[in-house]
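Okay, so here's just one chain, in structure tokens, the form predicted on its own.
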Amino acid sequence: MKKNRLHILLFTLLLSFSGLLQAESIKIRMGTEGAYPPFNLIDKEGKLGGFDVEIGKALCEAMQADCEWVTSGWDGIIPALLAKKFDTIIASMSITEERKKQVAFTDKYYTTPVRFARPKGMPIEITDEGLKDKIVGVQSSTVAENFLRGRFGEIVEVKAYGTQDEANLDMLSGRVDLLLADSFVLGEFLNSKDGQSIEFVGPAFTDKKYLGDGIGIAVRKEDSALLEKLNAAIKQIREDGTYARINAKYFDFDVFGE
């Protein structure tokens, strides 16, 4: 009888310990913008989606974490992270030396160049002479804006916008001569019904001085344990085919890059 009681007690303790482990599962608040298709967006039904969001969900599953999504305006997204409104930024943020002064980054989870776009048939070339006195629309506080101001700032008039959609609308309204943005984001716009009158022009730019070392997930510098878990999860989804399946939903090439 004593042995039976001991077995029951041990079994109860094991169940309690198991429940405690489940209760202490990782909880992560994932921050994103929700206004940068196809990477992060809010659809007509009000649901958050896009490549960034699906990658984030896959990482949470790989880490066996309970994740909650929080949206934030792009201009204030790093201050919001530092104020602990969420624990990560997974919003197509380029890894740059300037941003590393404030936050820590995971390894990259994709790579993207920036490109210009113009109205179809408009004789604008991407040279110092061709860009002289042109008005260029760009999303503010992005590496595209940094590149534009750093490389062509003395030649063009820079018009910065809170979101890429606002810049796109001003292009359609004729208020800017060119757009500059992430080539994949611009490609999404050019392939849309509204963007049929716009075309790419000039080369794809990958200048690391302005554009950084790929796109990573930002965390607070003190959250080194979370950073390690995210890096391990990025490696896992790359190796087990999850990344490739998500990639194929959005692109016909490997967005991860070299």
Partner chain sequence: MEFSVVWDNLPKLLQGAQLTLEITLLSLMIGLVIAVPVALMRRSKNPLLWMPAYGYILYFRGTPLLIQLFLIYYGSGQFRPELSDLGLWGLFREAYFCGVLALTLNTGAYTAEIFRGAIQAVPAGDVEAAKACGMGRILIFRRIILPKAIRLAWPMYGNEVVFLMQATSLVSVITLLDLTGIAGRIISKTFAVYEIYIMTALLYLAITYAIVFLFKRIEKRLNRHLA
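Positions refer to the first chain, counted from 1. What you see is a predicted model; the values in this text were computed from it and never measured.
Although it is not shown, the form predicted together with the partner chain is what the next lines describe.
In summary, the region of this chain contacting the partner chain in the predicted complex, judged by heavy atoms within 4.5 Å and restricted to 105-113, 123-131, 179-187, 158-166, corresponds to 158-166. Using a 4.5 Å cut-off to the partner chain in the predicted complex, each of Ile78, Ile135 and Ser141 places a heavy atom inside that distance. In the predicted complex, no heavy atom of Arg151 sits within 4.5 Å of the partner chain.
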